[in-house]
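Starting off, we have a lone chain in the form predicted alone, written out as structure tokens.
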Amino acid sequence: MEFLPLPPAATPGQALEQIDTPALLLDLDAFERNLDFMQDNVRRAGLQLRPHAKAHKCPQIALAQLARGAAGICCQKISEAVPFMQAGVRNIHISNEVGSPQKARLLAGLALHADISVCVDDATQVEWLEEALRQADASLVVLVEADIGQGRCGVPDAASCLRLIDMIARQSRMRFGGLQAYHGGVQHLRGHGERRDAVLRANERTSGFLRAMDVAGIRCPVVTGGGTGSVEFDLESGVYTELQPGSYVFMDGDYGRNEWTGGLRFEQSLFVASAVMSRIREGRVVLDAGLKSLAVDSGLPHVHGRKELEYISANDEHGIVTVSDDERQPELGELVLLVPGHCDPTLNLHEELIGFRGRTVECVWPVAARGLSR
């Protein structure tokens, strides 16, 4: 039995109001200003930008970042790198550790086709990687990850770091590439001063690792880390050689709750388009975007530009919204733009990203790395 093909949610040239919902939207003007603003600030600081592709999972965005001068990209998972390589990205840092010999073999295969680097925090990972690289006849750049306060991955002290560097130096298929020092927890501390102080403490821990390397006569060519919430402090820290922000291209509700008193502030460019599908109850409407369209781990979305609307509950396919102004009660079918609480996992729920300028669709980009979490 033949079925009609599913029509696209949007096509270039359509009006925004004609998009089939729910759909992921990108305000291209705000997005491009964010790209330029970050690249310009990093360049003026004399650093390299290696933006994190786990935030967007979209090769077109990575290519736009590279065109503006980014040194390469980061991916958090090995399989996530594949669509970026297929799109022509050739410098990729896996900002994570391998957790099995299978992962090491997968990474070694990719290293035959691009300049790949990866993190380690354990001698066994070095052994897995060396064996996989030998079997594939490949080579790899390896960074030691340092725990600078996150309490997640990373060696806990300088002595452990030096032992791993020595082990890497004794391998035939890998080269020591530097230090990864990332503290995700500081990105979302709300107060500007609180966030600055936490970043300074993390940077002092990073400096301790670097001092130990210097004493041991070890050159550290790269120190990579930082993020959207800490970048204004990372730029002037004197610690990093390259920065890894990701969410700055989009921003989200969680970052919107941070206090931004400095000059480095980015615009909201990412939205989930939803439509009113029911208005049967007084004082509330139901939208067609719920848990399968929005990540809520960092809180519920908020309605963009409509203070009289409050998104109060997310069900699988429904979003419950209260209406505080009778005169501005939304109409059935009306388009409502939502700001997701957390951009990264929201992207992972969608197959495409619809770029618009003004009120007109300009492009539709595949979220090609969606679901690639191996």
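Counting begins at 1, following the sequence as shown. None of the values given here were measured: they were computed from a predicted structure.
Below, we turn to the form predicted in complex with a further copy of the same chain, even though it does not appear here.
Enquirer: Can you tell me if Ala67 lies within 4.5 angstroms of a further copy of the same chain in the predicted complex, counting non-hydrogen atoms only?
Expert: The answer is no: Ala67 has no heavy atom within 4.5 Å of a further copy of the same chain.
Enquirer: Going by a heavy atom distance of 4.5 Å, is Ala9 a contact of a further copy of the same chain in the predicted complex?
Expert: So Ala9 counts as contacting a further copy of the same chain.
Enquirer: Quick one: is Asp20 in contact with a further copy of the same chain in the predicted complex, heavy atoms, 4.5 Å cut-off?
Expert: Taking the distances in the predicted complex, the answer for Asp20 is yes, it comes within 4.5 Å of a further copy of the same chain.
Enquirer: Would you classify Lys103 as touching a further copy of the same chain in the predicted complex, given a 4.5 Å non-hydrogen atom cut-off?
Expert: Because a heavy atom of Lys103 falls inside 4.5 Å of a further copy of the same chain in the predicted complex, the answer is yes.
Enquirer: Run the contact test on Glu97, Ser278 and Gly333 with a 4.5 Å heavy atom cut-off to a further copy of the same chain in the predicted complex and return yes or no.
Expert: Affirmative, all three are within 4.5 Å.
Enquirer: Which residue, Ala158, Cys153, Leu264, Ile218, has a heavy atom that falls within 4.5 Å of a further copy of the same chain in the predicted complex?
Expert: Going through each option in turn, the one that passes is Cys153.
Enquirer: Within 4.5 Å, heavy atoms only, which of Leu337, Leu28, Ile320, Leu63 is in contact with a further copy of the same chain in the predicted complex?
Expert: In short, Ile320.
Enquirer: So which of 134 to 142, 171 to 179, 286 to 294, 233 to 241 is the stretch with heavy atoms within 4.5 Å of a further copy of the same chain in the predicted complex?
Expert: Of the options, only 286 to 294 has residues within 4.5 Å of the partner.
Enquirer: Hey, which residues along 336 to 357 are within 4.5 angstroms of a further copy of the same chain in the predicted complex, non-hydrogen atoms only?
Expert: The stretch touches the partner through His342, Asp344, Pro345, Asn348, Leu349.
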